[in-house]
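Heads up, what comes next is one protein chain in two forms, each shown on its own as structure tokens, labelled structure 1 and structure 2.
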Structure 1
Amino acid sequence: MMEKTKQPKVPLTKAEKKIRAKAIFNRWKAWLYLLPALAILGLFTVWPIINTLRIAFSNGYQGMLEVNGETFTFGIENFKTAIEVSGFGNALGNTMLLTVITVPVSTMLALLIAVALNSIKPLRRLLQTIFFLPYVTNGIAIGMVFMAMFNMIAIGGKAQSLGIINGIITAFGGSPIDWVGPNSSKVANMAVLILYIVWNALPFKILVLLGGLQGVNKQYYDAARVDGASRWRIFWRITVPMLSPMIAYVVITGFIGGFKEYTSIVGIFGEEMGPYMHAHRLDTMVGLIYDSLNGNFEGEAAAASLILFLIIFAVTMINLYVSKKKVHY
């Protein structure tokens, strides 16, 4: 067999060296441009996640004790303590209840409103702007408005000052209801809270679904009308399947946002997370985490945040699994 002879390396010319150097520089230039963003992302996102994991698995962790030089053993005591806290069951139950009710209701209402907006031409832009306004309004401010709307001040067992909602009820001959006051029931509190969350969630969902509707091929609707299909049948057989990717998106993001609900409750009921001096609290998982932080129990707060993350992750995976079977791309 003939031996392969090695070809001698031809030295690069100056022009070729410049081209190669420029190619290497261009390859690294993109990373240089990304470096500030990556640094900020690592500092304010990646490191807090790593630190949360460290704190969650440090038994009995407290920030002030660590500052004084105390060390903590590795373990899961923070998770046990977080679950055994008296308000954990109430917070988890409230979070689940709010999410399970508000996400389907807001999604269906957003779909109906988006279809209605898409079918009209006069004042469409104005109506879109009106529906989108809550999305760019401060959540705490909206919560205070809702509190004023459902307010009722009673002195000596008689209503002295009524909000708009109770004013409407009394105008039709009904009795005013204590929706958010000290003597209000949890059912009344939940009703106000659910109404607020649904109303506040509509703008984003309407925007996404309306964008999807405007991209649907009109020939499907023309063919269905020629075949004599009813509006209801067109809605279920054409509109919903064609919008299924957008519906899946708003449902998944809705569940994620629902499990992180906190601002709406503070906006209506304040930091007490319920009527003043009331026996029950409308605490949520995020509210429980803030309570632990305010009490300098950072270990329990970190553990509760990881528990919440696992719940959100599990629900998201279930939604993604279901969407693979139901979504039509």
Structure 2
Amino acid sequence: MMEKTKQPKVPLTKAEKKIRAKAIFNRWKAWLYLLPALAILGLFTVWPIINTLRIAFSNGYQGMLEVNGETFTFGIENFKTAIEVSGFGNALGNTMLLTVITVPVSTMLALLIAVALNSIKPLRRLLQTIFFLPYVTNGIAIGMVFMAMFNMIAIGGKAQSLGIINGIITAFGGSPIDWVGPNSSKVANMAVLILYIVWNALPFKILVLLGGLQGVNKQYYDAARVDGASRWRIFWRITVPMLSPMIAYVVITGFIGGFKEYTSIVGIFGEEMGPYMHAHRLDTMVGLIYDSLNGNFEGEAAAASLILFLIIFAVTMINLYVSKKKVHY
């Protein structure tokens, strides 16, 4: 304070000015470095959080109408339309079903593969690389390959190719199934989808679980072996508890990813979200959001995304609560 009142009286030398400017710069330079990141985060991350809430509660909101100066009343109309839309129950059911099946299946399978990889020496690196390959692929591209593998080709109503999967099934004496075509059942579609999602989910889970396994102290296993514990017992009493934090991690991220399932379905079945002649049969929550967005019903899309967020939030909380009870240390 004292200094401040003194300042105007004594004229500053050039050197002093420079030092002062430098001090000011030093005080603010951190913000300068952060400026680009904060500006972009502000516009594309923070603003969306506020604005999505605002437009979700603006009845009948449409971005184009707002640009033209229209105003909207506050209310929950968007949530009502989002839920009452004909496909909502189907989309929610599909999303839940896919998540509830694929997360446990892929986690168990990944755990078995990780444990197996951890107990071999030769070829381990090669196999590890192979199991990671699905991760570095494009979800749409490999979805198209799964479509090709399961697809039957009929030209002009006349059956041509059965597809390789049906080829294998018939080679073992089974009868071919329409997996993804116009005459397919929803169960068959779901089976293909589940296989694809599990195939896609394995690499990340194996990577995390294997990393965890390599961190487990070998002495626990030695001690258990000296005590004559069986492999099965060692697996359940040592491996699983020691890995429980990683298992919890892959399950939680698996649930979050599962509720956002969308591109895997587009990869196999296309934007119609279902086989030919059965559009929207395999719709999911995220699919609904993009449908509303494509129709320029942003209010409805915002409401649907908030509903999805709340579901994911609730499921994550339940997961955390359960894992707190089950995860050791």
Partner chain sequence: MEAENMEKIEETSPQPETPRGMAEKDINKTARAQLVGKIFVQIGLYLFLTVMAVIVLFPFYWMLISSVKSVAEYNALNPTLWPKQFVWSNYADVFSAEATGIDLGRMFLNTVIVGVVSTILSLIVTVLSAFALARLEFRGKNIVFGAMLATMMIPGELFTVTNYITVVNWLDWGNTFAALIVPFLVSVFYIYLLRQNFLQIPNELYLAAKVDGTSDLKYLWKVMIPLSAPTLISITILKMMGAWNSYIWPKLVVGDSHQLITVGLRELASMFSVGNNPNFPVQMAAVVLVTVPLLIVFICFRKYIMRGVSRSGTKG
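Take the two forms, find the largest set of C-alpha atoms that superpose within 1.5 Å, and that set is the rigid core. Numbering runs along the sequence of structure 1, starting at 1. Only a predicted model underlies this, so the values are computations on that prediction, with no experimental measurement involved.
Only structure 1 matches the form predicted on its own. Residue displacement note: residue 24 has its CA displaced by at least 2 Å between the two structures (rigid core superposed). Core superposition places the C-alpha of residue 40 2.4 Å apart between the two structures.
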